[in-house]
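There is one chain below, alone, in structure tokens, taken in the form predicted on its own.
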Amino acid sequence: MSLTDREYFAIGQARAMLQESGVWSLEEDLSCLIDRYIERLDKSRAIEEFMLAVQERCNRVPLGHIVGMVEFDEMPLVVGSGVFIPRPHSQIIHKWLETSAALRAGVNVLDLCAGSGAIGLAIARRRPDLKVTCVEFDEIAVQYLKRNIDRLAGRKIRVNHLQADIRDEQAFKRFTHEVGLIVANPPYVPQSQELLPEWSVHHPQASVYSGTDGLELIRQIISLADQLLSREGWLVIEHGEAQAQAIRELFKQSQLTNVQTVMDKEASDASGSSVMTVGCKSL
């Protein structure tokens, strides 16, 4: 291998860490990790794997599911078949948080329908003084969530996780009137809407579709927010552009005020623009 001093140092550090952890196949594992992340040892094999990956992408398998990783808000997150791949769209929430929500230190934050944990982890990275809990129900998604929480703890990004169904309000009883911010990128696509195969075929359907109008889980989140938010606590929900008016009405029918739709045209892609609705609990 032709490696730099920095790469040799990293390999030495990795060997020591693996040994301390008790891994039983230290050298085999280390060799595999070097081959995956630092330098491919067998170029012919690398080309074969590359072409297999290209074929999968041509079959419209999402890139994140092929490579097992996605970059989100400067964090490398583990993803794969069975979990929703976070999109840059969701960073609209973090832009809003930095400019519009004056949350005091120590406030509880819930990331509902958290999937791989992207939104909650990014909030914790930007605001380590907040108490962030990522909430997910699906068994497969929870495994990815826990992996991402554990691996990013090495960067001192601290997040708790809770496996719970947002339709079970009893599971959140300990948070009653104790939450300063609820964020969510829930499934919001109407069941009859046609999507690109990356979403309609290769993503878990429960992470994409939500009833006939796409608002089934959003209604439940708004109901849950009435129970959990403290006075002047915020609810932020990402959704489709065409749903903005309907969701504003749902917010206004609850205990939320200062309701507004925020849109980021710069974050648009083939699946649409980045849109969210926010509201503040007044009572």
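Because the structure is predicted, anything quoted here is derived from the model rather than measured. For every residue, the number given is its place in the sequence shown, counted from 1.
A second form of this protein, the form predicted in complex with a small molecule, is not displayed here; the remarks below concern that form.
Contact with the small molecule in the predicted complex holds for none of L215, I247 and T277, as no heavy atom of theirs lies within 4.5 Å. Residue contact check for E71: none of its heavy atoms lie within 4.5 Å of the small molecule in the predicted complex.
In the predicted complex, the small molecule lies farther than 4.5 Å from every heavy atom of G180.
At least one heavy atom of A206 is located within 4.5 Å of the small molecule in the predicted complex. The small molecule in the predicted complex is approached by F137, whose closest heavy atom lies within 4.5 angstroms of it.
The partner is absent here; in the predicted complex, the one residue of M75, L103, A164, L195 having a heavy atom within 4.5 Å of the small molecule is A164. Only one of the listed residues (L110, A124, C113, L145) places a non-hydrogen atom within 4.5 angstroms of the small molecule in the predicted complex, and that residue is C113.
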